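Next up is one chain by itself, shown in structure tokens, the form predicted on its own.
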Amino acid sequence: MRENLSKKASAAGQGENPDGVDAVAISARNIVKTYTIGREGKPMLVLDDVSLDVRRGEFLAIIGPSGSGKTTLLRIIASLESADSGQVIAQGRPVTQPSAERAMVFQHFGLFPWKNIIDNVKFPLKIRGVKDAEATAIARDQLRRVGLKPQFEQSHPHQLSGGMQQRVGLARALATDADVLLMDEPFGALDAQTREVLQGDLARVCAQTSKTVILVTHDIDEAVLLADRILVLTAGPGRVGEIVDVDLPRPRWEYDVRAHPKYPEVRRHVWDLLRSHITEDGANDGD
């Protein structure tokens, strides 16, 4: 079962890529990250020798126990934080600073409350020097793509529901035309019904745009529903536990994915991995 459903870290997680370098969008190599905690500055190892390749056009989900370093790894890939050692390579070049090639979508929307919706979506274009008329056209096109109606363009974030705000956040990321979308639990603050609708919308938009997506989530169902592969991190310090292939047909928003006979197999396998890491961590804490 395990051999049929997944690839071990020594293969997919450690850089073996039969399609060649050009097929890789993001490579993380031997990432180590330590934080200091408490008044005494006690070191806490968060990520320990994490390596993986993300293929161009792939949807990769990252999941792991609390404290496994999921968000930290994503922020290092985005160059919002630096690793203690190791390297991130994007499109063959070392990542040393944030780039328009990688757009971030946050859990809490990250919208400017004083700007209206159209101006929020235009913002990253304006700071890159795109003329206002062109930026407005791009912003409107992306708002339509994510399903937000034109009458909300002049609204401010506080006037919209959480789901609508997250659509704006996604539209803003898409407006940059970034090659890679980095998503940190983007639906974590939403109710279950809105979350499910936006999951389908995200799957559709990503298929239409052929973006490379890295999604951090704590939700196993979300990972299985959306991802081509799921990186399961071990309990902290986070290491590559296993990379699981999600061999379910696409487009997944056009049928009941949960009814597919392979769905419960993949879900159970990911849960077994998570549970084993959580159990091991608990046993270690008791030593």
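Don't overthink the numbering: it's just position in the shown sequence, from 1. Here the structure is a predicted model, which means the values were calculated and not measured.
Another form exists, predicted together with a small molecule; not displayed. Remarks below refer to it.
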(Q) in the predicted complex, is there a heavy atom of the small molecule that lies within 4.5 Å of any heavy atom of residue 46, even though the partner is absent here? (A) yes
Q: Examine residue 239 and determine whether its closest non-hydrogen atom to the small molecule in the predicted complex is within 4.5 angstroms.
A: no
Q: Give a yes/no on whether residue 72 approaches the small molecule to within 4.5 Å in the predicted complex, heavy atoms considered.
A: yes
Q: Mark residue 67 yes when one of its heavy atoms lies within 4.5 Å of a heavy atom of the small molecule in the predicted complex, and no otherwise.
A: yes
(Q) Please identify, from 53 to 61, 36 to 44, 255 to 263, 240 to 248, the stretch that has a heavy atom within 4.5 Å of the small molecule in the predicted complex. (A) 36 to 44
Q) Within 4.5 Å of the small molecule in the predicted complex, heavy atoms considered, which of 179, 153, 196, 185? A) 185
